[in-house]
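The chain below stands alone and is given as structure tokens, in the form predicted on its own.
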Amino acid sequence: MGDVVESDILRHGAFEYIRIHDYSNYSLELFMAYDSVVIESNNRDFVEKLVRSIRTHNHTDVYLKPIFLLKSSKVEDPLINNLIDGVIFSIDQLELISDYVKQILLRIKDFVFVKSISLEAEIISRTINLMVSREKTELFAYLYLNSGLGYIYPEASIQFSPRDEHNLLSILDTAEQEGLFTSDFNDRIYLCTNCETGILSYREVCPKCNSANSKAEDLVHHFSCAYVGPVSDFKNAIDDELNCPKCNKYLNHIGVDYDKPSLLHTCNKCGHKYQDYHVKAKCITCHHDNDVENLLPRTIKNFYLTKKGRNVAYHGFISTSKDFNEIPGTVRFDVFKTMLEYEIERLKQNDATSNIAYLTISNAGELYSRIGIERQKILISEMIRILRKNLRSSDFIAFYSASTLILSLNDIPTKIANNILNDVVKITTMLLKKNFKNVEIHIETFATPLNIEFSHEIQLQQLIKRFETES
């Protein structure tokens, strides 16, 4: 651990700030002992490196730490500007930021931190935690020269090197599919087919040898004899007049005697003459030369945090629904919705009762953080096994989240459906007590009849609203 001199410990009210200079001797773990970090430096590279190090640290007491710059000018860099909490111009201004620091620390105190199952869930969780702790609701894309895409989402892109930033686009799309964000269109970009970065050099090249070394001249069409050739064929060494090499007539007036329909390119490498060049896009990162028609199109969006997304910070985010797509006995949530729609149509033709239900682990954040990732998967798989053992093949199950299952229990009275769910809860609770000592599980269930008068979407929304409100 680095040594910090007393003059670098700034105190105001109940808070202690650690001041960092270019030459400071420190370790990131040292920051955990202080309420906020104040960086005093005019070296932009140093500031960015330190801010990146803090925001990518594994420990929540470091990566969510309030950061302020002590300097005499505004911050123009969108990456730094969105990852710090403000700029002060003298130590006397600590009084002005103390209430803001207090609010950040109070919000973080209410967060639930769990170890996510997948990288995708981890990135989503860290991004939302950083946003909610600062009461941000918008995740905007900014044009950025040092980004592998040409755009950055500061609160999220910080977790990737420029070469790997393309992975963030699919992660944010997943977060939107999970209902954690909504979005609108920002821009359309194209990425290298080899490394998926977006810093490309576009060139016109010879269609025969792909060389960009060429010269271009006008193509001349002589009306009277229909001769077409490069303008160099019409020039002579005596004067500037144009003389047709086919009929030897002078070309006096463009539009009357002749026209210039296009350009003719001559490759200086292979001598090939051509009118239509190829366009290549050379990747600055990996040097792969792409045909532009094969570049990978990607949409850049601006994202907006939803109420469900905000709850991630306060309940923990273990996984995305994609993490459970391959667990036997379940179907994907989009498939579940389609099957539920068919079930409602079937009920319109039959005098029967089917039910829509949920089973949710209300203390999932605490539970999963205690038992670890591998045992999370074991527990979830075992719950599905118990459910399938007690259900019929006509019933179907889908993951709404890592803590909640949505079920369709068909052709049985609602009372029996609730009894089945209660039995599953008892068996699962006994199993957990047997295999995980000193760990409690709280499971809530609810089943309600499917109503043929309402769409499957409305009934799903009502069901989801019920357990989200209770949680």
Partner chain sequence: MDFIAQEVDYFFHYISEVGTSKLVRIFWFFVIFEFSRLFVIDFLALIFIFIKRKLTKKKRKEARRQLFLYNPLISIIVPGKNEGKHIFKLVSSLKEQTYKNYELIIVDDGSDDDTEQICKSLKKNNLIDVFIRNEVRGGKASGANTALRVAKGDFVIHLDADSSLDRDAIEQIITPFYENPDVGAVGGNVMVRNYKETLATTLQSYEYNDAISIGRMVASYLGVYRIISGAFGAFRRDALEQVQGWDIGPGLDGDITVKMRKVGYKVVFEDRAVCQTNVPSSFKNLTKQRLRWDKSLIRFRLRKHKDVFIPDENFSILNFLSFLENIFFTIILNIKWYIYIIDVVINFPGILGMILVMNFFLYSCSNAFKLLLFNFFRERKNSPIYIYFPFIPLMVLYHGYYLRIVRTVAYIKELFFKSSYKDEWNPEKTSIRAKQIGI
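Residue numbers count along the first chain shown, from 1. Note that the rigid core is defined as the largest set of C-alphas that superpose within 1.5 Å between two forms. Bear in mind the structure is a predicted one, so any value in this text is a computation, not a measurement.
The same protein has a further form, the form predicted together with its partner chain, not shown here; the description that follows concerns it.
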Residue-level contact is defined here as any heavy atom of the residue lying within 4.5 Å of its partner chain in the model of the complex; does residue 170 satisfy this criterion?
no
Check whether residue 276 has any heavy atom within 4.5 Å of a heavy atom of its partner chain in the model of the complex, and answer yes or no.
yes
Although the partner isn't part of this model, could you tell me whether residue 225 comes within 4.5 Å of its partner chain in the model of the complex, counting any heavy atom of the residue?
yes
Is residue 262 a contact residue for its partner chain in the model of the complex, using a 4.5 Å heavy atom cut-off?
yes
Interface check vs its partner chain in the model of the complex: of 96, 256, 335, 216, the one with a heavy atom inside 4.5 Å is 256
In the model of the complex, the residue from 385, 269, 163, 208 with a non-hydrogen atom within 4.5 Å of its partner chain is 208
Which of 392 to 400, 151 to 159, 241 to 249, 186 to 194 lies within 4.5 Å of its partner chain in the model of the complex, heavy atoms considered? The stretch 241 to 249
Is there a C-alpha shift of 2 Å or more at residue 90 between the shown form and the other one once the rigid core is superposed?
no
Would the C-alpha of residue 233 be classed as shifted by 2 Å or more between the shown form and the other one after rigid-core alignment?
yes
2 Å or more on the CA of residue 254 between the shown form and the other one, with the rigid core superposed, yes or no?
yes
